[in-house]
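Only one chain comes next, encoded as structure tokens, the form predicted alone.
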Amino acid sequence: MSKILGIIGGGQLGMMIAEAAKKMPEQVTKIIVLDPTKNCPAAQVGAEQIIADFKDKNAIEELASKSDIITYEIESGDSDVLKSVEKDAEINPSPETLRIIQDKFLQKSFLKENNIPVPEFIEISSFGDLEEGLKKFGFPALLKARRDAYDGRGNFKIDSPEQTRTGFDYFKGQKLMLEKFVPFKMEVSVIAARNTKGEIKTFPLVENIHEDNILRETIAPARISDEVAKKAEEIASITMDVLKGAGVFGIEMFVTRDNQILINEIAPRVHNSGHHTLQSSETSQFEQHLRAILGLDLGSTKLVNHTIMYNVLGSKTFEGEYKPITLSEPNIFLKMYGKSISKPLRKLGHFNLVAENDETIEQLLEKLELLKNKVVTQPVN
């Protein structure tokens, strides 16, 4: 039976979920998004919009009253309010899963309790706690806000004792945790899915390259041994099994210098590092997410094309309307998100560069270097 889908968040992730849902008319008849930005990206592809803050209790209740099932593209929703509306709409991933994940300290504690490898961490309740933690972990160490942090926001790397007070004051009273710095050799991620019946599937491990704490490139598959890739995918499957939530999850990991895998963070939603699946895989992460939350069998996660995803970010030097970006080269799939205003490092779009014939990842990376200057945002005037 087809359902009305509600999404908390109508940004680019909500937009691509909505586009996938439109291809499944027998399962989804209508899409409604809750987002504070008028004419958000999801609304531009036909989703009805409730204009309100992600945590607005009345708006969440309205969304639940109009929807059969609710999911989210951002983990900022109020898990307590979501729990209270479960009588009106099915919610996946569950509010309890969201509650665990949206607090980084609870998330890491949950993983550690389930014997899933994570960096060392402690809770920080005072400046004294921070001083003691730094004595334990040494320098550098990462001070993190426990909630409402993404794209590197909410992290402060403390490199020396002189930065201790600066780091503590930076967060202005937020709840904090301290994490031991991991001298990793590669940042990787697994896009994993679990449906409402408990079926679990993982996409192949990918390699992520960040700039200014924001994901810039994803290389599929990761340039790592099969043994390490298998280990990462197994850890992702175990994580999905203990979390129990239905949907697609982005599981970010570190590969250490001795080829161990540590989970950095989990996002209970479709993820930027899974955008490559739109062209690289037999099933996109967006279709997979819908399959998972609707209780359908999960699709194939087979990687059929080596692919590099590159984020189109706003220029660091201006804010305002920008000139349209186009790419006409073969085997390049550009997707802009319909955001009219560029801001420094704002995610405006992405493109997937897909291998032709037997092209290697190294050859794709060479092609990418020639394309980067074509997607630098420029002011209209």
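Note that the coordinates shown come from a computational prediction; the quantities given were computed from them, not determined experimentally. Residue indices: 1-based, along the sequence shown.
Not pictured, yet referred to below: the form predicted together with adenosine monophosphate.
- Comment: adenosine monophosphate is not present in this chain, but in the model of the complex one of Ala149, Ala229, Leu303, Leu296 has a heavy atom within 4.5 Å of it, namely Ala149.
- None of Phe184, Phe168, Phe105, Phe137 but one reaches within 4.5 angstroms of adenosine monophosphate in the model of the complex through a heavy atom, and that residue is Phe184.
- In the model of the complex, adenosine monophosphate sits within 4.5 Å of a heavy atom of Phe254.
- Looking at Asn213, you'd find a heavy atom of it within 4.5 angstroms of adenosine monophosphate in the model of the complex.
- By the criterion of a heavy atom within 4.5 Å, Lys180 is counted among the residues contacting adenosine monophosphate in the model of the complex.
- Adenosine monophosphate in the model of the complex is approached by Leu142, whose closest heavy atom lies within 4.5 angstroms of it.
- Of the stretches 275-283, 81-89, 128-136, 184-192, only 184-192 has residues with a heavy atom within 4.5 Å of adenosine monophosphate in the model of the complex.
- In this stretch, 154-175, the one residue having a heavy atom within 4.5 Å of adenosine monophosphate in the model of the complex is Asn155; the partner itself is omitted from this view.
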